[in-house]
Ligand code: DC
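Presented as structure tokens, the chain that follows is alone, the form predicted on its own.
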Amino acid sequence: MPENKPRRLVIAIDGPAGAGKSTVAARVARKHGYLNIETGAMYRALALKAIQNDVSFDEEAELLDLAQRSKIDLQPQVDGNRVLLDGENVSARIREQDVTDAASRVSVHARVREWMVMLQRRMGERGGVVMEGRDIGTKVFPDAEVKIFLEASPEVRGERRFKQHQLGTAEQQAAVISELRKRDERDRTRAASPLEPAPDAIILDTTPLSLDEVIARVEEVVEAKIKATGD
């Protein structure tokens, strides 16, 4: 009888906003033929639905009910995920600033996060995934074979966001950095799954590195684990 193939890896990539998680995860997943799951997009989609339905970002029970009545699909693309909310493509809309701000507030609620974690575990239970977010290595998949935590200074992350959204003034860039600091504070101090590296995560400060250098460092870790497990 043929030998059973080993379970494919779960690769967890965590870190604050603007650290490069989405781009790195998409590239690594594409190289290895893995499924790329951007969990932050799920919270963004829920935040958008809250906006559309005039649900307060502070009402946990209403947000949980909204989440349970929503269908959020992530479809892998070359540069990330195509996001469908109840069948509608909202990939561009969820990147707009009002949704970004709302997602940070929606995601602090413990019951909402528990619901999302359940969905995320289902997506990755068979392995062969690169899942990125803020609590993948600590909460969603604490037994992930590869755990990487990407860090960068708020100034560098703000500059990346500034360039990404093609903002045009120093005031706008300063506003982006200020919002990142506020988001960091909410993410790191929330009661439910605060943003922090798993004890066994490899922490990579991307502040002085180019995107290609970050991907190369991550690839070294992934390749070593694949070689060790025979995936």
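No experiment lies behind these values; they were computed from the predicted model shown. Quick note: we count residues from 1 along the sequence shown, nothing fancier.
One more form of this protein should be noted, the form predicted together with the named molecule, which is absent from this view; the next part is about it.
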{"property": "Residue contact check: residue 67 to the named molecule in the predicted complex, 4.5 Å heavy atom", "result": "no"}
{"property": "is_contact(residue 27, the named molecule) in the predicted complex, heavy atom dist at most 4.5 Å", "result": "no"}
{"property": "Contact test in the predicted complex: residue 40 vs the named molecule, heavy atoms, 4.5 Å", "result": "yes"}
{"property": "The named molecule contact in the predicted complex: residue 82, any heavy atom under 4.5 Å", "result": "no"}
{"property": "Proximity to the named molecule in the predicted complex, single hit among 111, 95, 121, 126 (heavy atom within 4.5 Å)", "result": "95"}
{"property": "Per-stretch contact check against the named molecule in the predicted complex, the hit in 42-50, 58-66, 27-35, 198-206 (non-hydrogen atom, 4.5 angstroms)", "result": "42-50"}
{"property": "Contact set, 111-139 vs the named molecule in the predicted complex - heavy atom within 4.5 angstroms", "result": "113, 132, 133, 134, 135, 136"}
